[in-house]
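Okay, here we've got a single chain as structure tokens, the form predicted on its own, with questions on binding and movement later.
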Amino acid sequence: MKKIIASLLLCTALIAPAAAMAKDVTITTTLDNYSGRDAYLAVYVTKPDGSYDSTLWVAGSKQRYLGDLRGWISAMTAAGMTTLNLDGITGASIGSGQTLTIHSNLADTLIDAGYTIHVESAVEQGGEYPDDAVAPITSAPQQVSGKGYVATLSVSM
């Protein structure tokens, strides 16, 4: 009996880490050439039902302008988030024609399961684009065109 229990524990110890595996995902967002101030971007993940899952990156350091990213804020609010905790996932705003590349570890359970990456963009005294670029999280590389300040969004593993 002790041998069977020990074998089961060993199998569980070997299998459990595999279930929690994550893939390094590269997300590259290139902005169009436009006139105006640098863009604020929110890069976040939504679940298959379209509800908010997590924030991967926010470009723009002045918190008073983050409210211009209304789609992202609305998605988080709908998910029950009442505070904005962005430690470690923020950087400077992104200028016209520039590229933002981020690396993130996404759980294997999100890949090919209907989850999507959204990039929302806003420019002070300019436009706001809640779903500027949206790409599915798949094992195959993805590249989509943006609708506003984003020229392209690429997602690869």
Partner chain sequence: MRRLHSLAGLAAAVVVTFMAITGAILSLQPALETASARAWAGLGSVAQLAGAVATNLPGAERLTRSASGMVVAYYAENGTQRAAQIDPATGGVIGAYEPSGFFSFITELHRSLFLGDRGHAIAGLASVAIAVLAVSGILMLVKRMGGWRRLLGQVKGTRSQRLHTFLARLALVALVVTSLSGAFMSAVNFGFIPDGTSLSFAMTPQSSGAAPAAIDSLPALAATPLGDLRELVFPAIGDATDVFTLSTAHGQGYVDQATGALLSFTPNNFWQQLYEAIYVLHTGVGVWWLALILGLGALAVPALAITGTLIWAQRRRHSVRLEQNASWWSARTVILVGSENNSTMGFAATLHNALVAQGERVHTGPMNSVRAYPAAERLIVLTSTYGDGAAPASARHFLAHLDKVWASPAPSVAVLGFGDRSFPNYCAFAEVVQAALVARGAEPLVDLTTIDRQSSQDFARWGERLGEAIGVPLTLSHTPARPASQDLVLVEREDFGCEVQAPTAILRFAAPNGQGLLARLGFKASLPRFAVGDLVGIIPPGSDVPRYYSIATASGEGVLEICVRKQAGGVCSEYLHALNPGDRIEGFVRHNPDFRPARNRKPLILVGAGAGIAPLAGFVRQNRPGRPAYLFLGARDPASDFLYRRQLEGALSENRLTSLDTAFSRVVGGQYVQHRLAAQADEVRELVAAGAQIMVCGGLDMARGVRAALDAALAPLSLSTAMLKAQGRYLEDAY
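Numbering follows the first chain given and starts at 1. Keep in mind that this is a model prediction, so the values were computed, not measured.
We do not show the form predicted in complex with the partner chain, though everything after this point is about it.
Trainee: Counting heavy atoms only and using a 4.5 Å cut-off, do R64, M81 and E128 all touch the partner chain in the predicted bound form?
Mentor: Every residue of the spot touches the partner chain in the predicted bound form.
Trainee: Does at least one non-hydrogen atom of K147 fall within 4.5 angstroms of the partner chain in the predicted bound form?
Mentor: Yes - in the predicted bound form, heavy atoms of K147 and the partner chain come within 4.5 Å of each other.
Trainee: Contact between H103 and the partner chain in the predicted bound form at 4.5 Å, heavy atoms?
Mentor: Taking the distances in the predicted bound form, the answer for H103 is no, it never comes within 4.5 Å of the partner chain.
Trainee: Since only the chain is shown here, I'm wondering whether R70 would be in contact with the partner chain in the predicted bound form (any heavy atom pair within 4.5 Å).
Mentor: Yes, R70 lies within 4.5 Å of the partner chain in the predicted bound form.
Trainee: So in the predicted bound form, does any heavy atom of E124 sit within 4.5 Å of the partner chain?
Mentor: Because a heavy atom of E124 falls inside 4.5 Å of the partner chain in the predicted bound form, the answer is yes.
Trainee: Of these, 128 to 136, 26 to 34, 112 to 120, 41 to 49, which stretch puts a heavy atom within 4.5 angstroms of the partner chain in the predicted bound form?
Mentor: Heavy-atom contact with the partner occurs in 128 to 136.
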